[in-house]
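The chain below stands alone and is given as structure tokens, in the form predicted alone.
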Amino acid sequence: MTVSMAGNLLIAGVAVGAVYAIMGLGLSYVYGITKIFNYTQGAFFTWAAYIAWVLSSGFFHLNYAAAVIITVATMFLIGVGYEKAVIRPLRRFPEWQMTALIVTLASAMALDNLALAVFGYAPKRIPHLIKGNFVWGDFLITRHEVVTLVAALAIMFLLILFLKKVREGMAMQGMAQEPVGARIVGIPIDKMYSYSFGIATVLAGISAILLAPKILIYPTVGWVVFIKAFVVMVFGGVGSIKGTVIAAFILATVEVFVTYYIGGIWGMPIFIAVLAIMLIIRPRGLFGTW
């Protein structure tokens, strides 16, 4: 392996890892606030990719910036609406988290079938955010990968800033750490639940916008990304932002090298194998507390 090839693969792994980190943070975010595992995250990824395709390539051919803004805003409304219409009624019942787990799985399957009915199974593709490459000697990186990495890091920074500095973000942290105490001090629980789903769905949408130009869009594509995001979340430690980000970069880099040298079919098995080894060595993940 040449140094330049290793460097190119490492750069590609870091860019993909940034997207996996955003998806993993969406899963971890909802789990931290609501204590439920949201299976619809993958389906929301799929729908965000299709919405971006419709706006940028399929029908409207909008300016890419406008398509991104509309897609992100739409995903937030979908996430909030889903929580209010589907999750909130379940919270009236005891042991509602287990029921919600089943309901989100059923919702994900329903959304996938709806995507199949609306868009068909023929794969779709959206263009790269920016075309072209950057070349430094033997090292090469696409401009899309640079945009992906910068955008993903900016999103992570804004999310941390939101949790640390914004009142709603601090309230969500309080709910995650001490839900009973949050109720006692008057934190609006319903509003925080809705916001958590809205933010998680936005993260799925941003992940789709950044990753979809590198893959084909089809009705079940979200499951592939969802499984990898789940592995990232567990590998890093459920509820740990730092762990999720580090795990995403590690696993994506391993995936890129394995895919290049062994074959794409081995990417997912290696992902799962690395997670299994981690859980044997450290059951709580890198920085998990549960």
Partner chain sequence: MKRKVSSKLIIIVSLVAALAILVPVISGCFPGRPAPEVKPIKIAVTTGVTGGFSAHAVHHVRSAQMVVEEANARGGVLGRPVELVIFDVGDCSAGELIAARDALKAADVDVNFTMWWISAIASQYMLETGIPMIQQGWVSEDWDAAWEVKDQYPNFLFMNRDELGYGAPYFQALTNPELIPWEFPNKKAAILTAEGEYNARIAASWRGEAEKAGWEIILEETHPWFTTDYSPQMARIREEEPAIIFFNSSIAVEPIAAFSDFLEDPTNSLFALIWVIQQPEFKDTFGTDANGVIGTLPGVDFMATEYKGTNPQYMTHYEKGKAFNEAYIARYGETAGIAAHIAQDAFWAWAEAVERVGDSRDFDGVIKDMEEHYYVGITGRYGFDPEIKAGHYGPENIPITYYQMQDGEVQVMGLGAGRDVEIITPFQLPHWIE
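What you see is a predicted model; the values in this text were computed from it and never measured. Numbering follows the first chain given and starts at 1.
There is another form of the same protein, the form predicted together with its partner chain; it is not shown, and what comes next is about it.
- Partner proximity in the predicted bound form, defined as non-hydrogen atoms within 4.5 angstroms of its partner chain, places exactly one of 200 to 208, 147 to 155, 71 to 79, 214 to 222 at the interface: 214 to 222.
- Contact between residue 249 and its partner chain in the predicted bound form is not found at the 4.5 Å heavy atom cutoff.
- In the predicted bound form, its partner chain sits beyond 4.5 Å of every heavy atom of residue 127.
- Contact between residue 16 and its partner chain in the predicted bound form is found at the 4.5 Å heavy atom cutoff.
- Remark: residue 57 does not count among the residues lining its partner chain in the predicted bound form, judged by a heavy atom distance of 4.5 Å or less.
- Looking at 7 to 29, the residues that come within 4.5 Å of its partner chain in the predicted bound form, counting any heavy atom, are 9, 12, 16.
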